[in-house]
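Next up: a single chain in C-alpha cells, the form predicted alone.
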C-alpha cells in the first residue's frame, strides 16, 4: 500500500512554512519552520521533552490564529495542563477561547475483543484505528485546526505485535489524517539512542523527522535535538543542545553537541 500525502501548501514553487514557536528550532529549518501540511515524526528518549515541545508548537499556533488539536493516547488532559503551567505555558486560556482542544483518546486503546456493528463483527485493532481516525477528523474539522499532534503513537501501536502490521497501521493513520491538511507532529519513542542505531520504520514514512536525545557527557547530561530529515528543506542536520526553561523549550542553534 502506497501512502498518499495530503495537500502541502505552496506559494508558487515555494513552500509555505509554519513557525514552530520553539526559540532556536526554526533556525535549523532554513530559518522558517516546518512546511505547512507536513507529517513530522518527533522521536525522543523518555524525559526528553517531546510532549512539551509539541504543546509549545500548538500553544504558539493558537497565539497567531492557527487552531490546534492535541490527541492524547496516554496522559490525561488535566495532567498535561498542569505540567505545561510549570514551564510557563498556559493552555487553559487557549482551550477556553476555542483555539486549542486536548482530546483524551486513550479509551480507544482499551476496546475489548471484537466490536459488533449490526450483523458484522470487527476486530478490535481495525475498529480502534478507524475510531481514532474518525475522532481526529471530527475534532479537527470542528475546530478548523491547522496544527495537529498525536501523542504518543507508540502507545497505540502496542496492539500490533508484528512490525509489518505496525507499519501498515501507521500508514493508514497518516493517510486518514492527511485529508485534513494539518501540519502534524506524531510523537513516538526513540528505541535506540546511539549514533550507530538502526533506523525505525517511522523515519522512512514521514516527510520530516526530529530527534530529541539525552546525551551523557563527562560534564553531565545534555539535551540534544537534531533535524534528521525534512524533505525539500535545507535543514541543519547537526545535533544542537536545548533546555527546558520556565518559558518552554529553547534550542541553541549556534552550539553543537559533541
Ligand SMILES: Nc1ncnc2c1ncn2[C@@H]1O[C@H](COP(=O)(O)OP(=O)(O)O)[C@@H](O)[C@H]1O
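Positions refer to the first chain, counted from 1. Keep in mind it's a predicted model, so treat the numbers as computed, not measured.
We do not show the form predicted in complex with this ligand, though everything after this point is about it.
Taking the partner from the other structure, this ligand in the predicted bound form has a heavy atom within 4.5 Å of a heavy atom of residue 50.
This ligand in the predicted bound form is approached by residue 214, whose closest heavy atom lies within 4.5 angstroms of it.
Taking the partner from the other structure, this ligand in the predicted bound form has no heavy atom within 4.5 Å of any heavy atom of residue 141. In the predicted bound form, at least one heavy atom of residue 45 sits within 4.5 Å of a heavy atom of this ligand.
For the candidate set 180, 87, 101, 171, a heavy atom within 4.5 Å of this ligand in the predicted bound form is found for exactly one residue, namely 87. Residue heavy atoms within 4.5 Å of this ligand in the predicted bound form occur in exactly one stretch of 228-236, 51-59, 199-207, 27-35, and that stretch is 51-59.
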